[in-house]
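Below sits a lone chain in structure tokens, taken as the form predicted alone.
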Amino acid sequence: MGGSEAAAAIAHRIRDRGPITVAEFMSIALYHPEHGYYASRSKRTGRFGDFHTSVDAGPLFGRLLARQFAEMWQVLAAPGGDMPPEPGFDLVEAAAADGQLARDVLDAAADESPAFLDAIRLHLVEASPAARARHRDTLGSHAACLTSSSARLPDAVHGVIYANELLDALPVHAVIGTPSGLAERYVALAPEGHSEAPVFVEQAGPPSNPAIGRHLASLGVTLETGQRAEVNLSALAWLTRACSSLHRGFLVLIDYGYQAGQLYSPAHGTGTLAAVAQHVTLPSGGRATPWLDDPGSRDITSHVDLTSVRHVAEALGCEALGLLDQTYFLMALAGQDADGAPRLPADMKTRQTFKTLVLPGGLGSTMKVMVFGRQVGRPRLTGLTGASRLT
């Protein structure tokens, strides 16, 4: 459900206004309030969904994050300096889905740091109305911690804003290098054929927004003829909002991507825009633009420009404290015993889950952790004390 209706909505928009940007196509395909992928798919992740996230591995991911968040709470609660201690702690999850990760964090806080749990003012930010409606049920006994469930970030945050796999799913502008300079790739309707369903195709045109060219120029990027890439202005706009909302505390972003020099290199000359369905990253049959097929029925994603994320955050007063593979972040939070093994329960299930979260070549090296601080100095954070490697 959702796919055919989203396709019809996109086709109507094109017939009414002409070809649309890839960003507008993604906005409808993913975020239409009724027919978009994130609104209409009841199960997006896990074994019966379309892709796996760290949350799907089990509650251990949330437990390890809870240790870092509790330490961040201690930083804000400690007296000293010019900043008074904060009496409460805003824990803000962006792209919270049904709230399962927050539930795992709160369960861990209840076990390991009850005082931290008592200080938490939980805010779950989620675009899907259907997912927001499940927040209290998912939180269960922790529902009293929920201060807000909304599509927007709170205006003033004293604590932590965190997001797991948000930026990669925001709408992007798709561009291509041409002999005459930068062009943008638009989505148009194919000529009417025998198919009753609309068929979408790409066509090139001038950039829809001068900010696209300025952004690439600021990175020193010039695309070669035929080279494709994406510019995620939506991610930078979200980051601007997050940094403005964070009055004091930390911003923790976990996502996949590359530094700009790698992302915009000829090695990624076909771009990173992809569709994901039933745990398969398309194309599987050679189509260059599989993300145009069946909008609303599958995820659409692109890799994050880590360099631009850092530049924007620092320009807005959020200091970069760490950028590293998830492997090293979680290993530091797990700690090590005298033999160098992680300090975790000895049961096989927990150990297997940890391996899934940190294994290089999988979630461990694919996912990058970015930690920023605002008006907190440079505290010693456990998650950043291990090997700070970025692969």
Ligand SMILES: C[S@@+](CC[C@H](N)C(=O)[O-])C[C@H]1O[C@@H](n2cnc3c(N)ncnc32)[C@H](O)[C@@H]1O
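We number the residues from 1 along the sequence you see. Everything numeric here is computed off the predicted structure, so don't read it as measured data.
Only in words, not in the display: the form predicted together with the ligand, which the text now covers.
- Picking from 206 to 214, 243 to 251, 103 to 111, 158 to 166 the stretch near the ligand in the model of the complex, with a 4.5 Å limit on heavy atoms, gives 158 to 166.
- Comment: the ligand is not present in this chain, but in the model of the complex one of I176, V75, L146, A127 has a heavy atom within 4.5 Å of it, namely A127.
- L170 is the sole member of V231, V187, L170, L239 with a non-hydrogen atom within 4.5 Å of the ligand in the model of the complex.
- A97 belongs to the set of residues with a heavy atom inside 4.5 Å of the ligand in the model of the complex.
- Mapping the unseen interface onto this chain, T353 falls outside it, with no heavy atom inside 4.5 Å of the ligand in the model of the complex.
- Of the heavy atoms in A151, some are within 4.5 Å of the ligand in the model of the complex.
- Contact check for I28: every heavy atom lies farther than 4.5 Å from the ligand in the model of the complex.
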